[in-house]
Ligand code: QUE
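To begin, one chain is listed below as structure tokens, in the form predicted alone.
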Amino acid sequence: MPDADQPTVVAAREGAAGTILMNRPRALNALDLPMIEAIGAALRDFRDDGAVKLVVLEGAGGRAFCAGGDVRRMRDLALAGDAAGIEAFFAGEYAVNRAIAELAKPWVSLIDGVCMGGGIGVSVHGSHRVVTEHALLAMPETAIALFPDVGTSFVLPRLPGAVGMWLALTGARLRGAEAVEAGLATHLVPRESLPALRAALPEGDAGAVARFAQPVPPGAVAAQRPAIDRCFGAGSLPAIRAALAAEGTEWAAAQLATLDRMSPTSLLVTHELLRRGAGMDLAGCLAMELALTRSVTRHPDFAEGVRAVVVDKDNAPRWAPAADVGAMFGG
């Protein structure tokens, strides 16, 4: 949390830039509903202000851009049976995700440190996703029995090959250059150059990003792409597991071990979500995700997953048997 007298979102006009600072550093800038509402209000102000040529989004504290949504709070609401509170959070968050995508001005996210879940949502739909070598991006929702949301059911199927399915099912974490390789980020700017880039952006020219960016040669993601595509493009979860077993490599064994730790229901939901999202537009994907939150947050795995990873941090969830995914999607 910020100091008691500091707002959790600080919005300002700096020259031709509208700036938004997520200011909850002790919580790694995790998004709660007041933050989401404040970001949405700032976005609307900057959208309608003709003097604002671009928007800059950043996170305070030096450790994280945004570690995600406040899932601890969502768990509390789920345990209390407060469906309206859960709905308000996700509906508000997804509305901001869509507004970023529809903004007719550059949206420049400066990602230095952790960027996961909801942090991906407030950056990936914008025009410029700048990462440093210290950035760490992931969609780790299957570990807490949620699913990749914030519009990533639209984004992930459109990444190269089967990279999106791999990221969605395993929650694989990408460093800055790897995130550019995978398509989640657009530019790599060294941390030492970030202050100079930040100082240039109020001039109103998003082209400054490219002037400070470094080229990203093929790296770890490219090296694993053939195996990622063979295995995670296999068409079903049993086929993915079989393909990984057939690879016989240390990498493949690690992926299988990761899948074995995830909620069985969440894996099925996530696979079906990306399959459907591949043929839908962003608005349709966000609507599908919002509908899905209503059933997924009621499933016992959600409260248990958040308990194991976020609350007790014992990383020993006791998952329920896989649920009927068709029913969770409404048939």
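Don't overthink the numbering: it's just position in the shown sequence, from 1. All values derive from a computational prediction rather than experimental measurement.
Another form exists, predicted together with this ligand; not displayed. Remarks below refer to it.
Only one of 16, 310, 320, 10 comes within 4.5 Å of this ligand in the predicted bound form through a heavy atom, and that residue is 310.
For the options 140, 157, 113, 106, the residue carrying a heavy atom within 4.5 angstroms of this ligand in the predicted bound form is 140. In the predicted bound form, at least one heavy atom of residue 28 sits within 4.5 Å of a heavy atom of this ligand. A residue is said to contact a partner when one of its heavy atoms sits within 4.5 Å of a partner heavy atom; residue 68 meets this definition for this ligand in the predicted bound form. Although the partner is absent here, residue 144 sits close enough that one of its heavy atoms falls within 4.5 Å of this ligand in the predicted bound form. Only one of 266-274, 281-289, 44-52, 60-68 lies within 4.5 Å of this ligand in the predicted bound form by heavy atoms, and it is 60-68.
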